[in-house]
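Below you will find one chain, with nothing else, as structure tokens; this is the form predicted on its own, and questions on how it binds or moves follow later.
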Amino acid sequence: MFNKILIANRGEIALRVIRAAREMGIQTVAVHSTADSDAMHVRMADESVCIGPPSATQSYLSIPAIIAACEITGAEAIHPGYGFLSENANFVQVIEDHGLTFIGPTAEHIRVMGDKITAKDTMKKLGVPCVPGSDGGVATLEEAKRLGEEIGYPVIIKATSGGGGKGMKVAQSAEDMEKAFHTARAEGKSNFGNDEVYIEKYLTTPRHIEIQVFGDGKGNAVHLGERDCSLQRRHQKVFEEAPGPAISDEERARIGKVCADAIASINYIGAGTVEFLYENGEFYFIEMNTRLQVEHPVTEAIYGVDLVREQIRVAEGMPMSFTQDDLTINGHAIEVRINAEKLPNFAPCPGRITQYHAPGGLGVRMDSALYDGYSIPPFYDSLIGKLIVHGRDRPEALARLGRALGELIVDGVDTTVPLFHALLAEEDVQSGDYNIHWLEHWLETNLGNA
């Protein structure tokens, strides 16, 4: 058993890991920038180390600073949370070179799945269904145009190293290809240092379905069903639920087994998420995230498991505490991401919290690092909390979400809470009849912004 782990992250996910570790009797080390010296994760950890100035590149993304913090405190393992260095294969390699343990997948698995072309090729070989598209990178506009005709428009051009909606452009016809191709390459180069792109068929009304998987690194793996993350703005998820309202028990079992078998065959270790577009009863692989997801609490709610605890256990070489037969769905869960942003333009809104009250009651969980008097720094992501509700069924979960949103108080800054009140009044949201384009169309119609 680890005696002490360091959390290479901040905010609510750092608190999430601290809580799991504390229940396991493991001491924790928080790292922080000078801007986060008063942050809740710093207050709640057993120890804390300042690793740099506010800029993430000089603090939370500084591998030497994080390794030094481990050496100073005697931490034996590092949990990356999500974002920052969580999917950085070089970081994992450096950790291992220093005799420390990374609580997550191997550097090789992160490297393979981090390159979207390699990931797609790997998954195809493992029997996972993929979106029709190019076999690899597309180097020239002429090749892109040929593939567009071959695949059939519309198509989407994606940066190989892309993420977060950057480096993704849709070409509705051959006339759109030149601009989309060059823009996607330029965004890939400027955001990720890599201008390689690939091309896929653009599905017109798909849902975004992701399968939670977990492996022990020894050839054993399970799936924990799916999450529907179709309500998105600019490829950023805002509302997630499990199980998906459009997925049958038979479909869940089928695609879940395909994913679990695939990661078992490569001896994958820890939590992972296999993401799909789902349309007309078919699943199409788009990418795999080799880390804990922001929306992992909805899976925890319906399966009654602690995914962070399991991450720590398998990193120590222990077996998973459950098998596939142990995993049965109980009820329905929904998560909404609360951001410090001003509507209708979703502009970041950092500032001082003058009053904060978290909702409570049966089936309500609030993951947040807010407190009265806390000043949200302007240097990081605008996510300030995740409200998760669990009910016996979807209608109960929706009703509980409405009640919990009404109890939540965040004064001093603007937040996206009004958006969720408005969405809950929509018939399509109540019925679960939406796809990945629904929210942007709704925003354009109702707020004049998408």
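Nothing here was measured: the structure is a model prediction, and the numbers come from that model. Residue indices: 1-based, along the sequence shown.
The protein also exists as the form predicted in complex with a small molecule; that form is not presented, and the subsequent description refers to it.
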{"item": "Partner proximity in the predicted complex: residue 232 to the small molecule, non-hydrogen atom cutoff 4.5 Å", "value": "yes"}
{"item": "4.5 Å heavy atom contact, residue 264 to the small molecule in the predicted complex", "value": "no"}
{"item": "Exercise: residue 369 in contact with the small molecule in the predicted complex, heavy atom 4.5 Å", "value": "no"}
{"item": "4.5 angstroms heavy atom contact with the small molecule in the predicted complex for residue 429", "value": "no"}
{"item": "Triple contact flag 145, 180 and 197 to the small molecule in the predicted complex, non-hydrogen atom at 4.5 angstroms", "value": "no"}
{"item": "Location of the small molecule contact in the predicted complex, chosen stretch of 75-83, 151-159, 375-383, 314-322 [non-hydrogen atom, 4.5 Å]", "value": "151-159"}
{"item": "Heavy atom within 4.5 Å of the small molecule in the predicted complex - residue from 176, 275, 251, 300", "value": "275"}
{"item": "The unique member of 100, 329, 203, 246 whose heavy atoms fall within 4.5 Å of the small molecule in the predicted complex", "value": "203"}
